[in-house]
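Below, in structure tokens: the form predicted on its own, a single chain.
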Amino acid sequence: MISKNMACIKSFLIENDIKPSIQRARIYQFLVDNPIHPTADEIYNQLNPELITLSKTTVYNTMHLFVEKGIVQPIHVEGNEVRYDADFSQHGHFKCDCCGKVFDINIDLNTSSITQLKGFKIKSIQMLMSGTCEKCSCQ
């Protein structure tokens, strides 16, 4: 995804009925600039050195707000682990069991050919695969 400058991000937040505080804008910018599917704790750990007033509670509340407003989607990887993705393009995810990284996978998620779903109204699709990534396969 193309990096957005802070003015664009603030406008985007306003368009989505979100007050564009410095923390919210910077969190969203981090998600757009770093499509690594971070957890709320990872976002906090990355941004805390530059935003010294940032708290974990602020990050968790902001992620909840972003999901509620539909600008970020939660990815439920394992158990209670929730990661976040600002990319709404059609894609799946692959989690490496060795290093824990989550990768985007370009995949056709066209549901019209799935006969069992005729008459169903699909709200969201999450495709998650797991295994060992290319980098970890040699270890």
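What you see is a predicted model, and the numbers here were worked out from it, not measured in a lab. Each residue number is its position in the shown sequence, starting from 1.
Separately, the form predicted together with a further copy of the same chain exists; it is not shown, and the next lines address it.
Only one of D41, E68, E78, D87 comes within 4.5 Å of a further copy of the same chain in the predicted complex by heavy atoms, so just point that one out. Partner contact (heavy atom, 4.5 Å) among the options: E78.
Specify the contacting stretch among 95 to 103, 43 to 51, 57 to 65, 23 to 31, defined as having any heavy atom within 4.5 Å of a further copy of the same chain in the predicted complex. Contact-bearing stretch, as computed: 95 to 103.
At the 4.5 Å heavy atom threshold, is I14 in contact with a further copy of the same chain in the predicted complex? Because no heavy atom of I14 falls inside 4.5 Å of a further copy of the same chain in the predicted complex, the answer is no.
Would V82 count as a contact of a further copy of the same chain in the predicted complex, using a 4.5 angstroms cut-off between non-hydrogen atoms? So V82 counts as contacting a further copy of the same chain.
Do S137 and a further copy of the same chain share at least one heavy atom pair within 4.5 Å in the predicted complex? Because a heavy atom of S137 falls inside 4.5 Å of a further copy of the same chain in the predicted complex, the answer is yes.
Any non-hydrogen atom of T132 within 4.5 angstroms of a further copy of the same chain in the predicted complex: It does: once a further copy of the same chain is placed as it appears in the predicted complex, T132 has a heavy atom within 4.5 Å of it.
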